[in-house]
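Next up: just one chain, as structure tokens, the form predicted on its own.
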């Protein structure tokens, strides 16, 4: 059985944190908050809500509109998200793969939990634009939802319970079966020679990718100014702190399934992986807050090609087709 199917089926069957034996050895245990334990019924409810456009003010936008499974739950091909009434946002929708392990959420790290993160797009005027009181009334009027909420939560339909259910589902979006993972598991032919050369570059000082994109999920969970699109009015972390020194700092995204999630950067301003690597190869656009790690890399074209081969080896094709994550029948 496919690794991702084993993992997601295990979660859905027992509704608990993944056992150590169900994940690669280099993955930490799946974190689950004590006030929102996983249960099969809650995960099933959250999956329905994730795909239901009735969570938006005009019944046109769902969570899945910007986080599409075929693109590793990102919004590939779109620079920024589009909300109700065709409103364009200002940020690119990142992949939700392995989102349970993120230390904070949104590009500036403004939410400490998945539950709070889920609240943001639902209520944002330029995304789903839904008032909590209107949403709870709407869902309560749908018999299928009213019954499910009552079975899962003692207090039935509330905005908090909506976000708890959605978060329970998104915590099951585990991706751990790429060629890179199979190579680490002992299949020495899972990655091409070019990808292996790219991995060596990625993990070495020459490519210098590992400082920010390290660990099992290829992110340091920190915020950096990497000299991207200085004309953009989005000031990143400074929006929260008010500090001039935090302008242009955004969270490091995971690189898992990165080949599926173009366009790139917080604003979707870079269209291809090749262009991303050229950006970093040049050292980025200099500014007062540019990260100390940013410097010209002087990579050759063959080296860039090898790095792209490695990045492609982080694609988990089973993750994008796993039926446990696909659109269910809605009430």
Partner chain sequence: MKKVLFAIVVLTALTVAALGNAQSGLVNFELKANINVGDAPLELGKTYKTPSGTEYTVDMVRFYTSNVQLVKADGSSLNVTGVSLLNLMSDAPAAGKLMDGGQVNNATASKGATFFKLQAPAGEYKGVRFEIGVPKDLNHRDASTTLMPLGLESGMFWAWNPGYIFFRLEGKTLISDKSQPWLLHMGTDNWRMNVNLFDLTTNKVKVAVTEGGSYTVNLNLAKLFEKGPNSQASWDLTNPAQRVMHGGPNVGQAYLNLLGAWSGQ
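Positions refer to the first chain, counted from 1. The shown structure was predicted, so the numbers you read here are calculated from the model rather than taken from an experiment.
Another form, the form predicted in complex with the partner chain, is not on view; read the next lines as being about it.
Heavy atom distance at most 4.5 Å to the partner chain in the predicted complex, all of 108, 119 and 242: Every residue of the candidate spot has a heavy atom within 4.5 Å of the partner chain in the predicted complex.
Touches the partner chain in the predicted complex: residue 131 (any heavy atom, 4.5 Å): Heavy-atom contact with the partner chain at 4.5 Å: present for residue 131.
The partner chain contact in the predicted complex: residue 87, any heavy atom under 4.5 Å: Yes, residue 87 is a contact residue.
Contact of residue 163 with the partner chain in the predicted complex (heavy atom, 4.5 Å): It does: once the partner chain is placed as it appears in the predicted complex, residue 163 has a heavy atom within 4.5 Å of it.
Contact label in the predicted complex: residue 158 to the partner chain, heavy atom within 4.5 Å: Answer yes; at least one heavy atom of residue 158 falls within 4.5 Å of the partner chain in the predicted complex.
Heavy atom within 4.5 Å of the partner chain in the predicted complex - residue from 192, 104, 136, 229: Contact check passes for 136.
Sole residue of 235, 259, 196, 80 within 4.5 Å of the partner chain in the predicted complex, by heavy atom: Partner contact (heavy atom, 4.5 Å) among the options: 235.
The partner chain in the predicted complex: contacting segment from 120 to 128, 138 to 146, 217 to 225, 167 to 175, heavy atom within 4.5 Å: Single hit among the candidates: 120 to 128.
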